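A lone chain, given as structure tokens: the form predicted alone.
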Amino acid sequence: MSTTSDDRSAGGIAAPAGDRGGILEVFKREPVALAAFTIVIFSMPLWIPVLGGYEGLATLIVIWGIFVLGFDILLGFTGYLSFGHAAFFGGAAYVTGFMYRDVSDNVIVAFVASQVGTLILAVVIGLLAMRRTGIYFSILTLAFAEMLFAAALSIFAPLTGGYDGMTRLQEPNLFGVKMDGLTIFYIAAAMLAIGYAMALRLRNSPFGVMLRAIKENPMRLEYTGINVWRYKMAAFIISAHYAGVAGFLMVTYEPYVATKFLHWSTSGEVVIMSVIGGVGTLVGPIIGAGFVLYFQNVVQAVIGEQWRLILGLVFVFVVAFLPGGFVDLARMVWKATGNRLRARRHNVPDMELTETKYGTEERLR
């Protein structure tokens, strides 16, 4: 099996010689995937109640979907696991709350301010954390997020409200239109659809190829003269902005800023959602977000606190037997029906096997 230079750079597997279309096939699939994704997302208020959910749950799934989508750009593309993404989610939430409380109730003003704040925070943390890899990077991001959490409860307590969170916010509006109910849902859904489209284009762009190459072998890229750090920093900032958008939307949806938004448990939830859904697949983490939130808000009402035990068992099962998450489960079912699959490398580093286009397994070289 032969590979092109781009495939070798990204550690990928070239398509068999009999395949036609190449990059054109990608462009043909992309609009179809985006259209299907958009239809499913925008129709959530119609089918979520059928599953026992409610309108507000659809909004929460969309907001967290934006959060985990950005997280997947960092972890899935570059392999950098952040335990401190709550810093950007919570940081943007606090900036948004400050704008609604003390400056303006206009969502555009709050959105711009939250993204500027996210950019500054991402650059500062990235400049310090992105020079380390592996567990050292993960611990650094966790440390920065916990420092922000501690600061919000202590030295910045007069501004943030301390343990009580930020309250007494003005009701957000967009040119007189109140941001509640289906209005905020459709705005959040539109942002998720745009974010998903951007992530698809990013994945299939030369920049996306470089990020996947960094995940495979950053040292080899450095030997070719490529400034790997700049690519990693760019991915980190892009991922942070997705989290910032989610933080802004969360406060716009519920005009209240909880201290939990900066807590390490928020970062942990994002990791769990991404792993359950399927890291590196873009749509997988969003499915994982919907699954976890459904457990928290619907299943919990039926079985009580035992939902945490069941969710933990699901997480253990996925890590042990489905390293590709629910997306790999769907691929297995699809293959069992006699359909062919495109090659996809597992997201877990110690997994040496992958599927070829025809579903057989071979050792990666």
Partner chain sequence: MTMTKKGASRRSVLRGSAALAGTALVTPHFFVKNAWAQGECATVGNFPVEGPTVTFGFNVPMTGAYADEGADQLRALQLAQKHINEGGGILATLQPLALTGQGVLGKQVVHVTGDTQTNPDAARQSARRMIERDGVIMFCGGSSSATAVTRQYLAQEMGIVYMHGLTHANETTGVDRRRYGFRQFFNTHMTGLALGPILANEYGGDRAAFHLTADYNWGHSMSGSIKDATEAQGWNTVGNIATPLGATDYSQFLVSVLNSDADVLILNHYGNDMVNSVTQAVQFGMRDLQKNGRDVQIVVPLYSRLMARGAGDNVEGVFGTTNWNWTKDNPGALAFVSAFEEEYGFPPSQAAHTAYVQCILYANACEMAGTFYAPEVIRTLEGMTYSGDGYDSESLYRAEDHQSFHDILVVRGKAPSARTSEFDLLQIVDTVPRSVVEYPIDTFPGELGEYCPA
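Positions refer to the first chain, counted from 1. Bear in mind the structure is a predicted one, so any value in this text is a computation, not a measurement.
Beyond the structure shown, there is the form predicted together with its partner chain, which is absent from this document and is the topic of what follows.
298 is the sole member of 330, 34, 298, 41 with a non-hydrogen atom lying within 4.5 angstroms of its partner chain in the predicted bound form.
Mapping the unseen interface onto this chain, residue 117 falls outside it, with no heavy atom inside 4.5 Å of its partner chain in the predicted bound form.
Contact check for residue 46: a heavy atom falls within 4.5 Å of its partner chain in the predicted bound form.
Under a 4.5 angstroms non-hydrogen atom cutoff, its partner chain in the predicted bound form has residue 50 among its neighbouring residues. Shown alone here, residue 307 lies within 4.5 Å of its partner chain in the predicted bound form, counting heavy atoms only.
For the marked spot (56, 60 and 153), a heavy atom within 4.5 Å of its partner chain in the predicted bound form is present in each of the three residues.
Here the chain stands by itself, but in the predicted bound form one stretch of 94-102, 283-291, 108-116, 251-259, 251-259, has heavy atoms within 4.5 Å of its partner chain. If you take 176-211 and check each residue for a heavy atom within 4.5 Å of its partner chain in the predicted bound form, you get 178, 180, 181, 182, 183, 186, in sequence order.
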